[in-house]
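The chain below stands alone and is given in structure tokens; this is the form predicted alone.
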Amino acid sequence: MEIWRLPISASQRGKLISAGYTSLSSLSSISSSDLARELKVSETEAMDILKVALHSRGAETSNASCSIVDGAQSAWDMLHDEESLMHITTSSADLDNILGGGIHCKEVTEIGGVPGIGKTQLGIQIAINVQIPHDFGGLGGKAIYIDTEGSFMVERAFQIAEACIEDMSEYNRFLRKDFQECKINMKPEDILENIFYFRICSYTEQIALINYLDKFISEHKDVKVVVVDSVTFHFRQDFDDMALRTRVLTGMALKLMNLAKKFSLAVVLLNQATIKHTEGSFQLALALGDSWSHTCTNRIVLYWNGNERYAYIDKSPSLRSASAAYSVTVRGIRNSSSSCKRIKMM
């Protein structure tokens, strides 16, 4: 059962989610004094929250079928978990539509394409949009951005952050004109402070950092997305032993999948494109080979169709194959517009 279903006040639910408690199981082993300290509430209030959680957990257990193996989950529980999953908007309604609402939490999503198609732009957009507050339909989280190519542009991130705040102001003015407006306390500087940036210069550093993320996220429980830009770079040039490369990549992918599940966050892996020889012809394909293609939950291929950018869902267990046009604008990722083609950002 998710925290947002608990019969407690909205402010208490918000404090629990902000502190990293997203499910009843995450509250099972914490004391009232520790919870009070993390939520900055009285110990009496923390004890009341734990009592409600314990009662809800007991009711949930009594209604659920008994698991044969400790830790097993019924398909019914899985359905409820999927229905309650949050998504990170891409700022393109058409792209969000084919993605089922945006980038999925608890999943690993690979996004690949040719140079200049907007992979890094999309990665920066996701790292900013994950910070949209709950009142505006966002996760109110923070981001980890792992840069292996040196392509992260802080000036561009500031530019997109400004546009994101302007979009929230527009949301206030037009969609909430008949209701009490939500106060926007965010500044572009605040958004940049909530992006934890790591510059990686070798595949050994990349592996070491992935191994360290579990500890880092445990200490920063409000992290809700990990972006790796790109997962490919060091593995395309530093390896001669392809079998070893496959084992290392598979191990890294498994760690990222476990992080996504354990902390209910989204993992976004940006990938490069390469040329593949198939049945006597050369075709464009994402890098790292066929074995790698099976390690991610969702695979999205970005490509050009004339002067227009498109995103295509190449693989997903829950989404049908579909494509949508999008644009890279001065304000970030947006719906396709004939007036926004191959423009210079900075």
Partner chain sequence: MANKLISEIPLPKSIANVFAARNISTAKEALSLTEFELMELLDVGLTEVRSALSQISEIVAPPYQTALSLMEQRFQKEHLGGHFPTGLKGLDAALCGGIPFGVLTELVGPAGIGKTQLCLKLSLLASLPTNYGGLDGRVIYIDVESKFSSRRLLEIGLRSFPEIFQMKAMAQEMAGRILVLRPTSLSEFTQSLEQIKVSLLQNQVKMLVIDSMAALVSGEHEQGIRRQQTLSWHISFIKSLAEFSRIPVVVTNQVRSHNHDDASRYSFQVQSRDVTMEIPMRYDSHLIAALGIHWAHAVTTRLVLEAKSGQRFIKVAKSPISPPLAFPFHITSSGISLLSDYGMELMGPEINAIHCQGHNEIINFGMEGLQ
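Because the structure is predicted, anything quoted here is derived from the model rather than measured. Whichever C-alpha set is largest while still superposing within 1.5 Å between the two forms counts as the rigid core. Positions refer to the first chain, counted from 1.
There is also a form predicted together with the partner chain; it is not shown, and the following applies to it.
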### Query
Since the chain is shown here on its own, which stretch among 202-210, 262-270, 163-171, 92-100 would lie within 4.5 Å of the partner chain in the model of the complex, judged by heavy atoms?
202-210
### Task
Answer with one of Leu85, Met257, Met153, Met186: the residue that has a non-hydrogen atom within 4.5 Å of the partner chain in the model of the complex.
Met153
### Asp314, heavy atom within 4.5 angstroms of the partner chain in the model of the complex
yes
### Task
Decide whether Gln73 counts as a contact residue for the partner chain in the model of the complex under a heavy atom distance cut-off of 4.5 Å.
no
### Task
State yes or no: in the model of the complex, is some non-hydrogen atom of Arg247 no more than 4.5 angstroms from a non-hydrogen atom of the partner chain?
yes
### Query
For Ile3, is any heavy atom within 4.5 Å of the partner chain in the model of the complex, or not?
no
### Query
Relative to the partner chain in the model of the complex, which residues of 106-140 have a heavy atom no more than 4.5 Å away?
Gly113, Val114, Pro115, Gly116, Lys119, Gln121
### Threshold 2 Å Cα movement between this form and the one not shown at Ile49, rigid core reference
yes
